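Quick heads-up: it's one chain on its own, the form predicted on its own, in structure tokens.
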């Protein structure tokens, strides 16, 4: 019995320095007690609330000191102190060698010789063929109906029992520049296949968060004008290629009179699609008290807004999110096709690693 008691005492003496090592030290040298070290729930929550309150008061104190420095700099006519940039996942992303640079001559030379150069240089007019998968629900054609209002020169053909290769050959013979296939699963569109003609490439996107035009609250009705196209954050070589594929679907001479904007915004490899119409309005100035008219009509019949003019956006729809799963050389080929890029689960090693 005495030997066991001695052994227990030896083990307890060995464990004490290990416990003290886990505690962090403050500036005075005393070990700081962390909430995770306390087993009692009430004491742990009380310490956590105390630390949170101290952190909040320190943050408020720093904010007041920063405001005092800014006001003093304004009084003396000096430069304002630099603002701190918050750390986000986007500005702390992993370094990527494929990020495009503005002075990359090789990239510009490749743009002149790629598959989209004829359309983007206005040598060919973009013409898009849209279809669905073989077994589709009503949501698939409903999405295509909305996309027909977004993409000019687009035509819808029923899929029937035709193979996709035959559809691609037919589109080539009819001088289409792109083919879009909407895939549905469990009566919901879940994928989008974009095929560039005549030589590819083929991009396969996962589709999610779909909201149709009719389901949007206070939606606007677009006109038949050619829309403006906005592509955001396609920074890498792969993203640049996907951006040019999307750009080849739209005409390169937008009609600004229609005030239509189509946006593809890339954020963390998710491409958010939005379709807006911007509106100019005039607000009554408080000094006029509504006595003056807000607009005037000229002899030509044009309206000129007066007073304070503001611009606002009205969403027209549809709204959805895309995520690239693969990019294939040439047109669609499941057996012998070569892939430029394929997303695999083992590639997601970090939250700060992006490919577009």
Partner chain sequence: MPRTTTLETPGCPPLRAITFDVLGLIKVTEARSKQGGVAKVVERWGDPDASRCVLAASINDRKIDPLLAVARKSGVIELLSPVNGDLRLSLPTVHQTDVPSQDDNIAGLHLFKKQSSESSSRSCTLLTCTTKGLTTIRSVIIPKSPGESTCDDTPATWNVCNAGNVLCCKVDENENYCLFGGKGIEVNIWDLATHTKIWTAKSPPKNSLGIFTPTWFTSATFLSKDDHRKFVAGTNNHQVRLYDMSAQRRPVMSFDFRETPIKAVTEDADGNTIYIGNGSGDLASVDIRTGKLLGCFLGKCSGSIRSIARHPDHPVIASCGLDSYLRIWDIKSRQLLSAVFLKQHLTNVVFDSHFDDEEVADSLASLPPSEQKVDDEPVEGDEESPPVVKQKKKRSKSRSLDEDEEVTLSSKHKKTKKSQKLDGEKDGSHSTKGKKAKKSRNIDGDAEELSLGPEKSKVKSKDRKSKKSKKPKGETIDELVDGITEILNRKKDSKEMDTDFTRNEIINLRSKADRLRGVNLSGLDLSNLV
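Positions refer to the first chain, counted from 1. Computed from a prediction, not measured in an experiment: that's the story for all the values here.
The form predicted together with the partner chain exists for this protein as well; it is not shown, and the discussion that follows is about that form.
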Options 247-255, 76-84, 171-179, 98-106; stretch whose heavy atom lies within 4.5 Å of the partner chain in the predicted bound form: 98-106
Contact at 113, 344 and 350 by the partner chain in the predicted bound form, all three, heavy atom at most 4.5 Å: yes
Contact residue in the predicted bound form, chosen from 274, 139, 219, 237 - any heavy atom within 4.5 Å of the partner chain: 237
The partner chain: the contacting residue among 60, 44, 329, 50 in the predicted bound form [heavy atom, 4.5 Å]: 329
Distance check, residue 161 to the partner chain in the predicted bound form, heavy atom within 4.5 Å: no
4.5 angstroms heavy atom contact with the partner chain in the predicted bound form for residue 94: yes
